[in-house]
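Below, in structure tokens: the form predicted alone, a single chain.
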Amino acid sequence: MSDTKQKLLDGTVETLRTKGIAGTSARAIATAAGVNQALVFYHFGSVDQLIDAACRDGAGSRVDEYHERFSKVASLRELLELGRALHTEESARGNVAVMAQVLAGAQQDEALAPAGRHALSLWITEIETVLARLLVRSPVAEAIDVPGLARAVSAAFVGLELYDGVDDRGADQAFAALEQFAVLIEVAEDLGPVARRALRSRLRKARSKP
């Protein structure tokens, strides 16, 4: 990738971080990147396409950075601890705010939706892989939609950006609720063979009800 393209990608992320989606124009990006405004269109065709490319490039590099940490997670509680650390680190870097801005922009501009979906899908894949590994022998495995749970957890961590600085206590409560869910799963996994079979039976019956 050329130096100019990388400057534009970095400038786009910086502009989203500091000015929000509403303030992310070709002029603002070019100023942040220190290049001529015409180069936005020369290299990427449009501002939307540049935002798409920047979102994909940034998300890919960040997920790669955390991949090894995800692979070492040995329990749901550890996964949530990593999620809390990840949220704190990414918020400090401004990356959670960037993601929130792109997702907010996609509500008004459908051209931004693919970038948001792609970035989320990278995180979801990491979380889903860990959940599938951790829950494979759990007595509640049959009752949990792992792909759906991975999406819910990912959405929760992105959504917590809306709480930060506005309702810090609410953000803490949201994390605590996820941690309580992890405790419930651990309790189920510690049940004896008879209790585990009974739990599986009850869960199957519950799922079969209309």
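Computed from a predicted structure; not experimentally measured. The first residue of the sequence shown is number 1, and the count goes up from there.
The discussion below concerns the form predicted together with the DNA, not included here.
Whether Thr125, Arg133 and Ser154 jointly form a contact site for the DNA in the predicted bound form is the question; each needs a heavy atom within 4.5 Å. No, the whole trio is out of contact, none within 4.5 Å by any heavy atom.
Using a 4.5 Å heavy atom cut-off, state whether Gln6 contacts the DNA in the predicted bound form. So Gln6 does not count as contacting the DNA.
Would His43 count as a contact of the DNA in the predicted bound form, using a 4.5 angstroms cut-off between non-hydrogen atoms? Answer yes; at least one heavy atom of His43 falls within 4.5 Å of the DNA in the predicted bound form.
4.5 angstroms heavy atom contact with the DNA in the predicted bound form for Thr18: Heavy-atom contact with the DNA at 4.5 Å: absent for Thr18.
Contact between Ala26 and the DNA in the predicted bound form at 4.5 Å, heavy atoms? So Ala26 counts as contacting the DNA.
Candidate stretches 62 to 70, 144 to 152, 168 to 176, 45 to 53 - the one whose heavy atoms come within 4.5 Å of the DNA in the predicted bound form: Looking at the other structure, the answer is 45 to 53.
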